[in-house]
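Taking the form predicted alone, here's one chain by itself in structure tokens.
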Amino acid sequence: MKTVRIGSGAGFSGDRIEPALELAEHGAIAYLGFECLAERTIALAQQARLADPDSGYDPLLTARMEAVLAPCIRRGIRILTNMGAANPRAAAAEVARIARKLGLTGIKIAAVTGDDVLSRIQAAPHPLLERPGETTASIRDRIVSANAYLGVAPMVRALAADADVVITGRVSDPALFMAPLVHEFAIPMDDWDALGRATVVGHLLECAGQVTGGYFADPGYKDVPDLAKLGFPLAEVAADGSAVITKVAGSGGAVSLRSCKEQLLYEVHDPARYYQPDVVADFSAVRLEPDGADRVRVSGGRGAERTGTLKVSIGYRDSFIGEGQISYAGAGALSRARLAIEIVRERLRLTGVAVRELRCDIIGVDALHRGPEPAAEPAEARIRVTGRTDSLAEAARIGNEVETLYTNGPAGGGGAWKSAREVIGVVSTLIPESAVAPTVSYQVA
């Protein structure tokens, strides 16, 4: 039975690069996927493109491609990634430049576009999924991006056209790993069960190191070896949709039933109705079985007809956040930290800082859990004061007040830090699938 081996080279924009190179050199894979796009990531990328029309793609695209492009081309490994973010065509041009720099010739690079639906979202009000009764009209003047989650179809077209590298903007996370399966096994786009099984594989791979022990380890309860050299996963996928999740022999981490089960349910609200652009996947009958050391066999996914709508992620200018931190150590550290917070609160009131929302924490004491006083006096305490404002100038005043505690607050304050930044909020809506027309363009290096 034919088997396709697919590796996962990244699970988020800032992920490590070495495990992807390890897969390229030692994974005996046919495809390498880089899933690097989160909801806010693309909104920030759109802002970058507004400032520079030649930017807007993932900031680590160059470093990743310089590391893996040559070994992938040498071994016939095809790359799929959403590192195009807000500018897939510019990202494709950058990959072409890198190919020429590395002395690679005849490299075909596909850029998938069409996910940017900003003009449509701005043209008419659309209901917001997270805010019942509210529409995009309430944030219309602050919207900076609107990107629909595309499915596998344009990527499959690019693979059929012999693209060596496929670069997209916003696509569904599993789609990067589903597309090679649809292409290799000629899966019909109305074979819902086959698409459901492909979604299972894609979902297990999309977060890279999470399924090999990252975001899983818990010492003494879930021990994972050699996390500093964590290997990223690969899937050996058969034509019937069953797969084995594993990793490069000798790499760090572990592939286990528990790590696979956690990833299978990660970010899934209803395992029986996991909405994707291509299918409504059903994970409820998925079966996981051990298949040797660091090998888990996966089977049993199903699917139902897709909804005919696409989710759109909308980024908008929400507010500004000002933050300040300072530490206290030694006897009475907690008392001095509490006094410092009282001083900052009063200073913000006295000086009239316009704060929409204010939060004051002592990290390690009450930053996550508001509860009873600690049983023992901590040897150190670090305060964090954060506030939401309507302007960057007002946000900066919050950190400034914390910094003044150096000489105007309790004894022994040190390590002060401050920042002020804009916050990009994210909301969602749905649009008809027919409203989006993805295109594929090509460059040859």
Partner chain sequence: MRLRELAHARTGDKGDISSIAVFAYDPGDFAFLAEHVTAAAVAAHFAEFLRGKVERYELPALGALNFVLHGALGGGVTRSLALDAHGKSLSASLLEMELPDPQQAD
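Since this is a predicted model, take the numbers as computed values, not measurements. Numbering follows the first chain given and starts at 1.
There is another form of this protein, the form predicted together with the partner chain, and it is not shown here; the text below is about that form.
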query: Interface stretch in the predicted bound form with the partner chain - options 163 to 171, 221 to 229, 238 to 246, 97 to 105, non-hydrogen atom within 4.5 Å; finding: 221 to 229
query: Contact flag, Glu262 vs the partner chain in the predicted bound form, heavy atom cut 4.5 Å; finding: yes
query: Thr386: touches the partner chain in the predicted bound form, heavy atom cutoff 4.5 angstroms; finding: yes
query: Close approach of Ser284 to the partner chain in the predicted bound form, 4.5 Å, heavy atom; finding: yes
query: Contact label in the predicted bound form: Gly303 to the partner chain, heavy atom within 4.5 Å; finding: no
query: Selected contact from Ser251, Ser327, Gln210, Ser313, since only one has a non-hydrogen atom within 4.5 angstroms of the partner chain in the predicted bound form; finding: Gln210
query: Answer option from Leu339, Ile139, Ala367, Leu118, heavy atom within 4.5 Å of the partner chain in the predicted bound form; finding: Ala367
query: Contact check for Gly214, Arg258 and Glu357 against the partner chain in the predicted bound form, heavy atom at 4.5 Å; finding: yes
query: Those residues of 26 to 62 which, in the predicted bound form, come within 4.5 Å of the partner chain by heavy atom; finding: Glu39, Arg40
